[in-house]
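Below: one protein chain in two forms, given as structure tokens, structure 1 then structure 2.
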Structure 1
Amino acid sequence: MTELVVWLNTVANACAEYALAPLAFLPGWLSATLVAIVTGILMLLIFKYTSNQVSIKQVRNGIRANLLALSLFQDNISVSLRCQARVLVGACRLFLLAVVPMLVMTVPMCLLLAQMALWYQARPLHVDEEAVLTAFFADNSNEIPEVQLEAASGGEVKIGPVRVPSKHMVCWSVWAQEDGCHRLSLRIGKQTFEKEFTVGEGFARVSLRRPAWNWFDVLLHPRETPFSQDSIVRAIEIDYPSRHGWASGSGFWLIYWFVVSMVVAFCVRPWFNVNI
């Protein structure tokens, strides 16, 4: 499973390299809006061609008819309750009809959101700013081995290592010195474990974590290849600062994307003749 996700991430990274490249130059609100619009339309089209449009239309019409019947024939409670029951049955059928497109869309949507998270979930460190780097070690190791963090050209280790044996982790404070995408190396004996370290202004892809060999972790952190299953280091992550903004800020980009993509899909639905 993890191998499959790694492979999917490779494809997604390659596609996003070009497709999302303009995000680096555009204002956050504009790029978030554009991505939401495009994905809204694309998902609508995928929905159109992966769902049973005829059945959806029939079921929707049935639900609407029964809802109208509730107001038209409200005199009789048994008639009204029958209509209510039919609305419920219709709603359940509609739910089932959405399962296939939902399954089809889940994978591309997860990949897309993970790629978007690279841009919007955190911002790169500015020069002279500090961040905490944490290395997680395998739970089965009795004690944390000797570990050394080698500073990259763009950064310098300021504090650390701070060992937390109970949690199998070691922390450092890293100081950003120069703009660019750098690599930090963790040395344990003869082995070296690397982690991407991004410094700069504006928008850039920021990999919060180099993931463990776990499909879910890999899915959420697509930028860097995961550590192997038998690696002593399970994951390395950097506590990048949050990005601010109502459209592309750390706490909001996902909601903004949900809302805008849904509104766009709803608005363009008549043009694409999609029953949803």
Structure 2
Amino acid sequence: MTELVVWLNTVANACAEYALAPLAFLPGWLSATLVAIVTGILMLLIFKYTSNQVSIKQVRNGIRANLLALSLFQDNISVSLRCQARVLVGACRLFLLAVVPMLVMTVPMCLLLAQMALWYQARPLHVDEEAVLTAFFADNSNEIPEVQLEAASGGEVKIGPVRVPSKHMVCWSVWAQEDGCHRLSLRIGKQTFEKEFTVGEGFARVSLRRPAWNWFDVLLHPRETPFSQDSIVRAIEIDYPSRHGWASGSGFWLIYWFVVSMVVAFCVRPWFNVNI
């Protein structure tokens, strides 16, 4: 499963390299809105061509007919109960008819959201800002080995290593020195483990964590190659600052994307003749 997710991330990273590149030059609210609009239209088209549109239309017509019967024969209890039961059955059928297109959309939407999170979930460090880098070691290791962090030209190690044996982790305080995408090197004996380190203004892809060999961790953090199963280092993460904004902030971008994409899909539905 993890190997499959790694392969999917490789494809998603290659596509997002060009498709999402304009996000670096646009205001946050504008880029988040444009991505949501395009996503809403794409989801609508996927739904159209992976669902049984004829059956959905028939079920919706049946629901409308029964709702009309409810208003016309509201004084007839037996007719009202039958109509209500048919409406409920129709709603269940609509749900079942939507299962297949929703399953088809699950994988591409998860990959897209993971790529968007690289842009909106956190911001790069500014020059002279500080962040905490944490290296997590395998739980089966008897003790934490001697480890040294070597900062690239874009950063400087100020504090550390601070060892926490009970949690199998070591922490450093790293200061940003120069704009750009740099590499931090973790040395254990003759082995070297790297982590991406991003410094700059505006929008740029930020990898919060180089993941462990776990499919869910790899799915959430697609930017960097995961550590192998037998690696003594399980994961490395950097505590980047949160991004602020009502449309592209760390705590709001996902809600904004979902709301705007759904509104767009329902608004353009008549133009594409899609039954939902």
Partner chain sequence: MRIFTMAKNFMKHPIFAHHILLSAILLIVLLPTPAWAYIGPGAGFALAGSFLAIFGALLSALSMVLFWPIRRVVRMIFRRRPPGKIRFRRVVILGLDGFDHHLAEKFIEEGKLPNLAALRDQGDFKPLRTTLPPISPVAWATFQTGVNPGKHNIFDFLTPDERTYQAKLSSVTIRTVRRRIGWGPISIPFGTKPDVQLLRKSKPFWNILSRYGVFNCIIRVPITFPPERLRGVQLSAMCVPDLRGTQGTFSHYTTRILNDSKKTGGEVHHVQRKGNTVQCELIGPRHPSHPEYAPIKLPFTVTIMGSDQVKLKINGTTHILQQGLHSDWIQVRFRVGLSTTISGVCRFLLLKTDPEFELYVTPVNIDPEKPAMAIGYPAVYPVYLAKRQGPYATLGLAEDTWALSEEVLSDEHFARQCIDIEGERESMFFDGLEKVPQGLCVCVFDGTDRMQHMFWRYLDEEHPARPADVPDTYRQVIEELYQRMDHLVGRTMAKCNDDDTLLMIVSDHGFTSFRRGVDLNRWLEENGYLVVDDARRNEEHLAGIDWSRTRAFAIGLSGIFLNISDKFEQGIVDPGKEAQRLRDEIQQKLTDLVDPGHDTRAIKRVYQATKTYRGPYKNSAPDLIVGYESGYRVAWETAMGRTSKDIFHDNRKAWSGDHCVDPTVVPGVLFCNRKIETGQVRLFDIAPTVLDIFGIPAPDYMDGSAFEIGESNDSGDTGVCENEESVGIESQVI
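This structure is a prediction, so every number in the text was calculated from the model and none was measured. What we label the rigid core is the largest C-alpha set whose atoms superpose within 1.5 Å from one form to the other. Numbers follow structure 1, counted from its first residue as 1.
- Message: Deciding between structure 1 and structure 2, tell me which is the form predicted on its own.
- Response: Only structure 2 matches the form predicted on its own.
- residue 207 C-alpha shift between structure 1 and structure 2 of 2 Å or more, rigid core reference: No, its C-alpha moves less than 2 Å.
- Item | Rigid core superposition, residue 67 Cα moves 2 angstroms or more between structure 1 and structure 2 | Residue 67: C-alpha displaced by 2 Å or more between structure 1 and structure 2.
- Task: Compare the position of the CA of residue 79 between structure 1 and structure 2 after a rigid core fit and state whether the shift reaches 2 Å.
- Result: Comparing the forms between structure 1 and structure 2, which are aligned on their rigid core, residue 79 does shift its C-alpha by 2 Å or more.
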